[in-house]
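Here we start with a single chain on its own, the form predicted alone, put down as structure tokens.
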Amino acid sequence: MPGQNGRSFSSRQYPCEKCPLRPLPAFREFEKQELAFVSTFKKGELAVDKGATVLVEGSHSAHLYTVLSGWAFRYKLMSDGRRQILNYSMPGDLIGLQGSLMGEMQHSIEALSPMLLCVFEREHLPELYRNHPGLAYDITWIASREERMLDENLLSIGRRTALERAAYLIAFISSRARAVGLNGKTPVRIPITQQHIADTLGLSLVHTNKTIRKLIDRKLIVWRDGGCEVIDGERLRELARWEGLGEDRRPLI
């Protein structure tokens, strides 16, 4: 099936009725009619390579996506090439909603690992809002959750020390990863570089390296070629003065 920018959507490897994410305790159950609608809403799946751009700032997309597997990050670029990472996307996250509702994307999304995305057509959103108030509420909840996460990130940049910022970011990402079954083994490995951390926290790479070294020295994390491994998530949260996600079961579109 042809997609945007010449991409091809594959036939369904995972029908909505057999979605591997639905059994996870992090997600609420669908009502029968909701599942039937989402099954028709989904048009296929899209495989994305590590390092590929999923959506580009300023672009118009006929689709929105749910992450079925893999990691990504959302970011904005300044005219001189400086990058600010806004947030990270994991399985169960809905991406492209902003472009669907506002006409064009206000940020870009890049894959941190190979990804598989469920593809939905934007033109069916009005039907969702009109006929499925439960799903409409879910999308509102998802947008509100994103706002809450950005509030916490802004608090980090504005008030946390560099060490607290790094501790919060790593604890936040690893907590979300565990909730959706990423890296079910212990410890959680996060596929990011220190440059990603620097671009998220607004620190120089040198300052970030020194800060990460302090977390390593405290035996809270280890750093490997494949990314960051969390050793002690509880102490990371204590250092960041963060109480954790505090989420009940959440929606999955």
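We number the residues from 1 along the sequence you see. This structure is a prediction, so every number in the text was calculated from the model and none was measured.
Another form exists, predicted together with the DNA; not displayed. Remarks below refer to it.
At a distance threshold of 4.5 angstroms between non-hydrogen atoms, Gln194 is in contact with the DNA in the predicted complex.
Though the partner is left out of this view, His60 does not reach within 4.5 Å of the DNA in the predicted complex, counting heavy atoms only.
Interface membership of Met90, defined by any non-hydrogen atom within 4.5 Å of the DNA in the predicted complex, is ruled out. In the predicted complex, the DNA sits within 4.5 Å of a heavy atom of Lys210. Contact with the DNA in the predicted complex, judged as any non-hydrogen atom within 4.5 angstroms, is confined among 39 to 47, 64 to 72, 196 to 204, 25 to 33 to 196 to 204. Ala162 is the sole member of Leu97, Ala162, Val180, Leu116 with a non-hydrogen atom lying within 4.5 angstroms of the DNA in the predicted complex.
For the stretch 220 to 236, the set of residues having any non-hydrogen atom within 4.5 angstroms of the DNA in the predicted complex comprises only Trp223.
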